[in-house]
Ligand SMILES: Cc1cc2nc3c(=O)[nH]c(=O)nc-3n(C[C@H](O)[C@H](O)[C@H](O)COP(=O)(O)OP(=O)(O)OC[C@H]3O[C@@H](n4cnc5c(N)ncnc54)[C@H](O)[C@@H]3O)c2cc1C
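Quick setup: one chain, the form predicted alone, written in structure tokens, and binding and motion questions come after.
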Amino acid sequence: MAEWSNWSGRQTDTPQRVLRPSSEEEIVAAVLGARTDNLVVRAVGASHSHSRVAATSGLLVELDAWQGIEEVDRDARTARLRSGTRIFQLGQPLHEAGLALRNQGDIDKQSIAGAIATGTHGTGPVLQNFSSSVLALRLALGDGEIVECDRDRNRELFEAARHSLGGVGLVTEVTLALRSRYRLHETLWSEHPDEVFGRIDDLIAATRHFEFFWMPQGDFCACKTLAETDAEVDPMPDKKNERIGWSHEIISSVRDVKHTEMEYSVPAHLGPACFLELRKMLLRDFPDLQWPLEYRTLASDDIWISTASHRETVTISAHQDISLDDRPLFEACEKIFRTYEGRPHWGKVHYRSGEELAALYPRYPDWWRVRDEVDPEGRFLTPYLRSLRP
């Protein structure tokens, strides 16, 4: 038995067994072994989630030995990937094939399977989350059967598995839709929140990406835009706050300082009011807070349990240092998020019950129905997931 912890160290567990398969056959054998010993199975990549979605006291399957690109189709602009492949490992090989991810978050350490399981996203009013780029999946089910699914084959399984919370099966391969490689022009600046929200719609519409971190100490917004460009790569050393580079070199940031995080998605038209109420509350009730709020946009999609399902979205993230008790801060933020129709990020801290989550997602019962149909023994149903059952 070995202790597991997530990236921040805030979430821990003690799996009875840890395996590191290097082939699909070994993944199937791991699942069958867990079935024999009646262990719950949880696959992990970077363990970057702040919730307990990756925790298990049963069998922990680490996928770092199951990485790589199996196939790239330049004409179709697709790639078939092993599920443990980290996002940062995709940039250069896809670039060399003339391709790129459609979008990505500002952290690129996650495994591709983990990113789609939790609905990881970047920013941009016309850009969807990672799960929306999934074209097909290959999974090992709880009885060891390998199943392939897409919009034409095993459609309902595909709908549940492309945003699975790790609870449907163990993904072995992911086929992603890509786009032609592209360059981005990054611009950074600081501005007071009153000025930002005086023209927030224009800022969001003006470029491919707009986001900001609001810094409570100083009460200013550290803003960033990324505009697609045909200009050549240029680090712009004479301009401290601008640069041009390929998408995979520009979008991601280094986020090495350990923290814990809550993120909620609210309808896009409610984003400004939600942020301004949070800001007012934090300045009043948490005057010593050192960590920012992050404000991003996300396009609507049709995924059953996506936080952007069937609505244009603004995401707002609150952060706290891992040396501090995060619950007072997060409970205060969540109280406000609730009043703005907020949906919690599945890989981050929240305190919502299964009944509450069912009220936020019309297809939530369907997700559970399909999950239970393909995994009647509950092989992938951890205590944390059980707590989310409606």
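Residues carry their position along the shown sequence, with the first being 1. Source: prediction; values computed, not measured.
The protein also exists as the form predicted in complex with the ligand; that form is not presented, and the subsequent description refers to it.
Stretch-level contact analysis of 284-292, 115-123, 225-233, 152-160 against the ligand in the predicted bound form, using heavy atoms and a 4.5 Å limit, identifies 115-123. Remark: residue 47 counts among the residues lining the ligand in the predicted bound form, judged by a heavy atom distance of 4.5 Å or less.
When the ligand is considered in the predicted bound form, residue 259 lines it closely, a heavy atom lying within 4.5 Å. Within 4.5 Å of some heavy atom of the ligand in the predicted bound form lies at least one heavy atom of residue 53. At least one heavy atom of residue 107 is located within 4.5 Å of the ligand in the predicted bound form.
Site residues 7, 63 and 348 are all in contact with the ligand in the predicted bound form, judged by any heavy atom within 4.5 Å. Proximity to the ligand in the predicted bound form, defined as a heavy atom within 4.5 Å, holds among 266, 221, 178, 165 only for 165. Proximity to the ligand in the predicted bound form, defined as a heavy atom within 4.5 Å, singles out one entry of 314, 90, 305, 170, which is 170.
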